[in-house]
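Okay, here we've got a single chain as structure tokens, the form predicted alone, with questions on binding and movement later.
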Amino acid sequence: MGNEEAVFFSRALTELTLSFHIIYATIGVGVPLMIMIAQWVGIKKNDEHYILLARRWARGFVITVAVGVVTGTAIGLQLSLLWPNFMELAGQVIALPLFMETFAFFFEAIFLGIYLYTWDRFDNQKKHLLLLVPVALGASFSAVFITIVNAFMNAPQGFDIVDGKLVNIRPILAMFNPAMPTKVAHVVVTAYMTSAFVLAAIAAFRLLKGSDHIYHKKALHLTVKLGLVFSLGALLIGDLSGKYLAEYQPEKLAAAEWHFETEGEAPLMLYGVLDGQEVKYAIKIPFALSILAHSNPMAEVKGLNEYPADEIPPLYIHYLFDTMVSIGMLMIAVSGLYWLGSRLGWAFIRSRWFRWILFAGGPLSVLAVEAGWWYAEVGRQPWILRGIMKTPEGATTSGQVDLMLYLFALLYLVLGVGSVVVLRRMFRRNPVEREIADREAERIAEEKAKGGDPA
């Protein structure tokens, strides 16, 4: 296997691993907060349905955490095996956030175990709720620290280069690089948003399948509202991300928008077809690119013709950017319409066709996260460490990477199918209607044992 083939298979395996892992990582970051909010609402309203929501979500969450551990370990392994030159160059810099990410995960896992074990051991639910705080914090900070590594790859700083090596390393400065604030905020908030819409999709599906239980209606109402809040947050952070790109990675923004000539009053291009440097059939929003880049409709935006051809990202990232943005705007519109309709009593938000849209919002949100990560990673090309090391320079020359790709693909297939089967069986064998009835029977039995009135 030549070096070009090794680079290709290394990139393919890394993309496969990240694409699979990001599904479970996103759920792993967002669901703990959803559980905490549901339990808090249940305590505040003295509503057992929300308490049960938290309980059932927590059971499913454990399965996704288990798969996320395997895929996260695979990423760490592949960094060393597939990108040894990159790790040799930058390993000392990114070691601190990688260690802190591991610490955050164990912090989360310890308290998650205690939380699950003590469900029926607290008379005061507020004390049990407190155990979720470190779980949610650990999950979120795990995402923060691993995203800092990715941010460093986009905006490396905090070191000097002497004889091709990074020396005088200042890890805190490296961690707090210019890409960190917007990238970290965007990853965390979109994880919350996606988790909310995935849980809303599950509730909508149960309602569509004929279960008219109030439990599912409350789950849908809560998660769609949370999805609206976090999707609006993602919109705001996305705007700030555009301004970061215009300042620090202008070639990435220009490639995403097929913006070739430096000019003011730059329009935003949605979709379309590229013919040479001519964009056909696109939806053009006047001044929008200038506003996104500089908050000024007249501002000048740098075009791709300003940069060497070998430093321009692949132009198909335009479609990845459009997919991410379009789904984000769709989910804002759908969840906003649901929220407004629930306040004004509009009947159509309870119709089957609208619930099908809410159901589709779950997988669409996951697709938006995938498209966003593909855009982030492909848009950094040709660099693995921007401005310092190109991707082929960081890759292994091993002739066994193709075999690794096939073996890891098989592993991910088993994990993906297995996790879906386990989750389906877990909840199909214990539907919420049965669990509510069982818990009510337990409550009555306890009241009788105490000599009280079960009513």
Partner chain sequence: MTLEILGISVLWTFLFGYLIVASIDFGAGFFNAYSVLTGKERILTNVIQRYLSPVWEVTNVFLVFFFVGMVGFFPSSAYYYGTTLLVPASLAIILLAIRGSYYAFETYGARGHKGYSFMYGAAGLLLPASMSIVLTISEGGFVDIVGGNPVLDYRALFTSPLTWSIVVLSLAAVLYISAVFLTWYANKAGDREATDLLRKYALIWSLPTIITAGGIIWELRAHNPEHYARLLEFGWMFAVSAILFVGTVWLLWKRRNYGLAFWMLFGQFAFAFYGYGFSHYPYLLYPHLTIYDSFTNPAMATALIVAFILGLCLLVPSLYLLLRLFLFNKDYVKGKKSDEHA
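Numbering follows the first chain given and starts at 1. Note that the structure is predicted; figures quoted are calculated from it, not measured.
Keep in mind that the form predicted in complex with the partner chain is missing from the display, and what follows is about it.
Checking 211, 177, 125, 92 against the partner chain in the predicted bound form, a heavy atom within 4.5 Å turns up for just one residue: 92. Between the partner chain and the residues 73, 296, 351, 305, the one pair within 4.5 Å by heavy atoms in the predicted bound form involves 73. Residues placing heavy atoms within 4.5 Å of the partner chain in the predicted bound form fall in a single listed stretch, namely 115-123, out of 243-251, 115-123, 181-189, 228-236. Taken together, the three residues 129, 149 and 373 lack any non-hydrogen atom within 4.5 angstroms of the partner chain in the predicted bound form.
In the predicted bound form, the partner chain sits within 4.5 Å of a heavy atom belonging to residue 110. Remark: residue 145 does not count among the residues lining the partner chain in the predicted bound form, judged by a heavy atom distance of 4.5 Å or less.
Under a 4.5 angstroms non-hydrogen atom cutoff, the partner chain in the predicted bound form lacks residue 381 among its neighbouring residues.
Contact between residue 46 and the partner chain in the predicted bound form is not found at the 4.5 Å heavy atom cutoff. Residues of 79-94 lying near the partner chain in the predicted bound form, listed in sequence order, are 80, 81, 82, 84, 85, 87, 88, 91, 92, 93, 94, the criterion being any heavy atom within 4.5 Å.
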